[in-house]
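We begin with a single chain expressed as structure tokens, specifically the form predicted on its own.
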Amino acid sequence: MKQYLVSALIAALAAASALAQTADELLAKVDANVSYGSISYSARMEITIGGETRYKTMDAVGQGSTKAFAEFTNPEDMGTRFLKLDKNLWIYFPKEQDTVKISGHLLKEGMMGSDVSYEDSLESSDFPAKYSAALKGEEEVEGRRCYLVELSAKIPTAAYDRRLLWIDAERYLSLKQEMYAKSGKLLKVSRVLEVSRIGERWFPSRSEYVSKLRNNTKTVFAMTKIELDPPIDSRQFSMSSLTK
């Protein structure tokens, strides 16, 4: 009994110490895991709508949260390219030799028919600049202890009015997110399915996205050959590279 009480006291003190962290401190630790100076990776998208699953593959590079370039490599979309420069996004379609800028209501549409919107792809991970954060307590997600953090939009350009994040208490990754509209309607749910150890950090390498605005749909996004902070030619992020 004495040993049990000591163990319970240690656990209680550890929990109290953890909860002493502020929501902003937790977000800073998450950002330290997922932010990078540059990145290079290959990816596979599994887009399931109803009982049908479509597969898309791509190679991508990025610099910080403001520049990204991706080229699709699956047969149906071969040569289709995306270019992100800050808040601007363009798509090049090789068959039509046409470049389209994604803006306005199109930003809410699913990228290549997926559950990930174009707006999602433009949003940076700098949550403190866009949301007020509050620590709501602890919950368990997939057997892992998590901090529950609520984000409330403080600027009108935030992609969602409210977000709930379940942050892994050990690895400081957001294992689950729920995104809400101003009306309170749940719009989207995302989950991290696999985590990779890259150097000294934990990095989400496989995630699932489910749009609550569509029926019986989900998208799994898996990253491979991940390189963090590799040298990248800045000329890659240009309109000439998009249409070459």
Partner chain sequence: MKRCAMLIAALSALSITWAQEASSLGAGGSLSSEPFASWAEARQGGSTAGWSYGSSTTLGLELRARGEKARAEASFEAAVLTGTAAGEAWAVAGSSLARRDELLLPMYTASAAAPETLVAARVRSLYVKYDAPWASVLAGRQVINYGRGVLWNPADIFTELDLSGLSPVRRGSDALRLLVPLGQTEGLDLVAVPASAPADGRYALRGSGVIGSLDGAAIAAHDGAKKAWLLGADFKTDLELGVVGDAVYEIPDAGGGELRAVAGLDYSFGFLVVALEYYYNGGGALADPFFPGRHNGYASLSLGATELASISAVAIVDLEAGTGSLLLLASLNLAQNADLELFLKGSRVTGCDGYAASSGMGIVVKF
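Only a predicted model underlies this, so the values are computations on that prediction, with no experimental measurement involved. Positions refer to the first chain, counted from 1.
Form predicted in complex with its partner chain: not shown, discussed below.
A single residue from the set Ala60, Ile198, Leu193, Leu213 has any heavy atom within 4.5 angstroms of its partner chain in the predicted bound form; that residue is Leu213. Proximity to its partner chain in the predicted bound form, taken as a non-hydrogen atom within 4.5 angstroms, holds for one residue of Phe127, Trp90, Tyr172, Tyr160, which is Trp90. Thr53 belongs to the set of residues with a heavy atom inside 4.5 Å of its partner chain in the predicted bound form.
In the predicted bound form, none of the heavy atoms of Glu140 sits within 4.5 Å of a heavy atom of its partner chain. Under a 4.5 angstroms non-hydrogen atom cutoff, its partner chain in the predicted bound form lacks Ala134 among its neighbouring residues. Although the partner is absent here, Lys225 sits far enough away that none of its heavy atoms falls within 4.5 Å of its partner chain in the predicted bound form. Using a 4.5 Å heavy atom cutoff, Ile49, Glu71 and Arg81 all lie near its partner chain in the predicted bound form.
Along 218 to 244, these residues reach a heavy atom to within 4.5 Å of its partner chain in the predicted bound form: Arg235, Phe237, Ser238, Met239, Ser240, Thr243, Lys244.
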